[in-house]
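A single chain comes next, written as structure tokens; it is the form predicted alone.
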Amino acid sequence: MPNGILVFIEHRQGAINKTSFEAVAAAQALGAGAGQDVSAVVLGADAGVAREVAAYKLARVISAENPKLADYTSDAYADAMERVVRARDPQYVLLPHTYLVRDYAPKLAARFGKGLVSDCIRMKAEGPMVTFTRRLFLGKMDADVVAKGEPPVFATFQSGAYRADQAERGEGAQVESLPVEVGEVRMQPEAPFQEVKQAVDLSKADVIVAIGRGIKSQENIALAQKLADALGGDIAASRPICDAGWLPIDRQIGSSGQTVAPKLYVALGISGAIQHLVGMKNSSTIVAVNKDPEAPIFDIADYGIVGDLFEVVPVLTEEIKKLKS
């Protein structure tokens, strides 16, 4: 009888992708709701990664080992994960929705005759039934998905759907070594892609004020800049603003820009398309100002203000100045 939850931990060269801990948080939430244990799987014999993961509240950490797992290939990862899933027979397999996972997870699910419930933003467990929610049409619509048929259920979670700091730490989970067979690897890994160093490194900023289409014109950016100055922060933007040339590309946040996690992120006139959310969802505190109450940005915001930013921002700026004076 299948049982338990297996969560995939993505790592490269000893560094764990932060979204893996978000997936751990999702797995722990599902485990609490469904009354099931949570185990994590690390592909490749990296003792340091396994120990780091073992510090979280998990039943066990499975270290799947094979020399072919030293570098990522979809062939090797799909083979290794298939062996782990068949050996452990989990009810659910949860993964972070990263580029790497999107590459091999559909192949993995297909080997079990299953679909992949991808890019989920939340889930709800009611006894044996679990409902996953994912976005459609660039966030304009949500769809509830219930997996039917026999386990396992494969699901990936959008970056920021859960926060890494929500993952509960434990007293040290047991690390189990599991040698796995890996078949023919048909591709040769290239050297990791190295991005050009940014002229402006927003990843080090504690406070960011970001603007979207709602700012309407380049002249209105001064309004957001005054708020950023009052907060002692940096100005940033979504892709349409940088594409229009209103701010340099170095100021762009999102999948094709910078990824940031400041203490405070203020989103002004940003609807919350997934391409932008993946770049800022790990921010400690998110404040959103948007006149559309259904804007997806409010789903991840800690504080939301439904209103015209041209009315809200000047008031916020003045109140912050008063607090500092």
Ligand SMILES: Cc1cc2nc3c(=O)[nH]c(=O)nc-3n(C[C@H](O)[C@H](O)[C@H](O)COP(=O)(O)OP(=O)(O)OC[C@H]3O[C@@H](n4cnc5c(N)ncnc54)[C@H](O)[C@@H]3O)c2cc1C
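For every residue, the number given is its place in the sequence shown, counted from 1. Here the rigid core means the biggest group of C-alpha atoms that line up within 1.5 Å when the two forms are laid on top of each other. Please read all numbers here as calculations on a predicted model, not as lab measurements.
Keep in mind that the form predicted together with the named molecule is not shown, yet the notes after this line are about it.
Peer 1: My question is simply whether residue 36 lines the interface with the named molecule in the predicted bound form - judged by any non-hydrogen atom within 4.5 Å.
Peer 2: No, no contact at 4.5 Å.
Peer 1: Is residue 102 close enough to touch the named molecule in the predicted bound form, meaning at least one heavy atom pair within 4.5 Å?
Peer 2: Yes, contact at 4.5 Å.
Peer 1: Residue-level contact is defined here as any heavy atom of the residue lying within 4.5 Å of the named molecule in the predicted bound form; does residue 86 satisfy this criterion?
Peer 2: Flag for residue 86 set to no.
Peer 1: Residue 295 near the named molecule in the predicted bound form, any heavy atom under 4.5 Å?
Peer 2: Taking the distances in the predicted bound form, the answer for residue 295 is yes, it comes within 4.5 Å of the named molecule.
Peer 1: In the predicted bound form, which of the listed residues (262, 31, 272, 44) lies with a heavy atom within 4.5 Å of the named molecule?
Peer 2: Partner contact (heavy atom, 4.5 Å) among the options: 272.
Peer 1: Which of these residues, 124, 204, 213, 186, gets a heavy atom within 4.5 Å of the named molecule in the predicted bound form?
Peer 2: By the 4.5 Å criterion, the partner-contacting residue is 213.
Peer 1: Tell me which stretch of 23-31, 49-57, 263-271, 64-72 has a heavy atom within 4.5 angstroms of the named molecule in the predicted bound form.
Peer 2: Going through the listed ranges, the match is 263-271.
Peer 1: Using a 4.5 Å cut-off on heavy atoms, what residues in 274-313 are near the named molecule in the predicted bound form?
Peer 2: Heavy-atom contacts within 4.5 Å come from 275, 276, 289, 290, 291, 292, 295, 307, 308, 309, 310.
Peer 1: If you line up the core, does residue 246 shift 2 angstroms or more at its C-alpha between this form and the one not shown?
Peer 2: It does, since the residue 246 C-alpha is displaced 2 Å or more between this form and the one not shown after the core fit.
Peer 1: Aligned on the rigid core, do the two forms place the Cα of residue 291 2 Å or more apart, comparing between this form and the one not shown?
Peer 2: After core superposition, the displacement of the residue 291 C-alpha between this form and the one not shown reaches the 2 Å mark, so yes.
Peer 1: Once the two forms are fit on the core, has residue 312 moved its CA by at least 2 Å between this form and the one not shown?
Peer 2: It does shift by 2 Å or more.
Peer 1: So the C-alpha spacing of residue 100 and residue 243 changes by 3 Å or more in the predicted bound form; is that change toward closer or farther than shown?
Peer 2: Closer is correct, given that in the predicted bound form the C-alpha spacing of residue 100 to residue 243 is reduced by at least 3 Å.
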